[in-house]
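One chain follows as structure tokens, the form predicted on its own.
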Amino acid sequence: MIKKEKYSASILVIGDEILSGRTQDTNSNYISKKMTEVGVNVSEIRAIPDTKETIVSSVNELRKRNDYLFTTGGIGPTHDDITSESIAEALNVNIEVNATAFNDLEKYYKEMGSPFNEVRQRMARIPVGAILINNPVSIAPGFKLDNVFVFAGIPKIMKAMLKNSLKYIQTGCIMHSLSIKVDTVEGDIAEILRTLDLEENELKIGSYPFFNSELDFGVNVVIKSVDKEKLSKAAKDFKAFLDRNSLSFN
């Protein structure tokens, strides 16, 4: 496979509980950080309800626009966990009881002394052709089908599944970044940030104002680039501007 400089991904967070605010989504933040570490740019994070039509349309839209699509949530044993069925429909394959997943789950619940009932057996239903993603926490697997990675919604399990999926991810150019805290308001530095951005299109510059109190306010400026030399030059030029204008920073 030819290695590209840049790879893209989207994250699809599935679950009514996320949209209602009952559960806080931390999974997308974790996945985004891990993708940054391996040179994959997350272009979009989308939260959607447990509705088959919405899942199918979102999966097909995002998987076609990106190198990778990660989904979280909706692969448990309850009636509203419909992600597996929806992924199968989106990629136009059948869904069936996966023998490996079934045997692993059966053994797991037997060792626990819990019944491997029909509800729990639902977690062994996997789209045909999918590669199982190991779940060392609670055994019920995630899976990879084409460029779609399907993870559980429970953060501990999701993290384990993501770790076991990295072998399928092609790494791109790593995005390096640095942050400069400036004791001023955005209006005082907007023009220099615009100039730096225009001078070098490989830079990504963000300014994030904060206000903790009348004595503690300012702007966190984050400069990013895959090129360390260009990143260093931009930071040097920005700090020189701050010095010339008697603006303090750290």
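Under this definition, the rigid core comprises the largest set of C-alpha atoms superposing within 1.5 Å between the forms. Bear in mind the structure is a predicted one, so any value in this text is a computation, not a measurement. Sequential numbering from 1, following the sequence displayed.
Here the subject shifts to the form predicted together with a further copy of the same chain, a form of this protein not shown in this document.
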query	finding
Among the candidates 131, 137, 174, 166, the residue which, in the predicted complex, approaches a further copy of the same chain to within 4.5 Å (heavy atoms)	137
a further copy of the same chain: the contacting residue among 120, 159, 125, 144 in the predicted complex [heavy atom, 4.5 Å]	120
Residue 81 within 4.5 Å of a further copy of the same chain in the predicted complex, heavy atoms	yes
a further copy of the same chain contact in the predicted complex: residue 38, any heavy atom under 4.5 Å	no
Residue 239: touches a further copy of the same chain in the predicted complex, heavy atom cutoff 4.5 angstroms	no
a further copy of the same chain contact in the predicted complex: residue 234, any heavy atom under 4.5 Å	no
Contacts with a further copy of the same chain in the predicted complex - residues in 24-47 whose heavy atoms fall within 4.5 Å	24, 25, 26, 29, 32, 33, 36, 42, 43, 44, 45, 46, 47
Cα displacement of residue 216 between this form and the one not shown reaching 2 Å, rigid core superposed	yes
